[in-house]
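Next comes just one chain, in structure tokens: the form predicted alone.
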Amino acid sequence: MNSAEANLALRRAFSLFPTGVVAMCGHNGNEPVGMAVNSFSTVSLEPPLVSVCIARQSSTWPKLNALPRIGLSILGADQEPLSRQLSSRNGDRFRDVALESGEETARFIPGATLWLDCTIADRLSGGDHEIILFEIRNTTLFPDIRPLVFHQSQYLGLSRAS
């Protein structure tokens, strides 16, 4: 198996683990800046930490990295089009998107199931990605909203197991 085939096989293997979809958003003083990620993970209760992995070639991360506060919105099941828009490499990612302001530069997506107002606690090397540890400063829960799930390169909603 060559390198490209091995990478594709590994990508398929990783896709078997379902993940939530998170919008990372802030405001740089002139305009909103943000992106969608699905490499979100809870890390610690004390101190309250979560992590996100960002591709090193991201052109959006340097803009977010410069902000004192970043809003993480765990997207709701009906927000697939928004996730695709925030993942786009072209066009206005925030076209027709209403954002809620958090502390300082943090911004949030209405209709999400959870908002986490965060500061960057640490940055770690993770191969072709950078692992960002965020300290949670504030949470806002919307428990009646079901999350958007990404599994096998498809967006899905959750249903209760019988």
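The numbering used is simple: start at 1 and walk along the sequence shown. In this text, all values refer to a predicted model and were calculated from it rather than measured experimentally.
One more form of this protein exists, namely the form predicted together with a small molecule; it is left out here, but the text below deals with it.
A.B. asks: Quick check on Ser41: any heavy atom within 4.5 Å of the small molecule in the predicted complex?
C.D. replies: Result no; Ser41 lies far from the small molecule in the predicted complex.
A.B. asks: Cys53 near the small molecule in the predicted complex, any heavy atom under 4.5 Å?
C.D. replies: Yes - in the predicted complex, heavy atoms of Cys53 and the small molecule come within 4.5 Å of each other.
A.B. asks: Ser59 near the small molecule in the predicted complex, any heavy atom under 4.5 Å?
C.D. replies: Close contact exists here: in the predicted complex, Ser59 approaches the small molecule to within 4.5 Å, heavy atoms only.
A.B. asks: Would Arg69 count as touching the small molecule in the predicted complex under a 4.5 Å heavy atom rule?
C.D. replies: Looking in the predicted complex, residue contacts with the small molecule do not include Arg69, since no heavy atom lies within 4.5 Å.
A.B. asks: In the predicted complex, which of the listed residues (Ile132, Met35, Ile136, Leu99) lies with a heavy atom within 4.5 Å of the small molecule?
C.D. replies: Going through each option in turn, the one that passes is Met35.
A.B. asks: Mind telling me which stretch in 110-118, 25-33, 41-49, 89-97 gets its heavy atoms within 4.5 Å of the small molecule in the predicted complex?
C.D. replies: Looking at the partner contacts, the answer comes out as 89-97.
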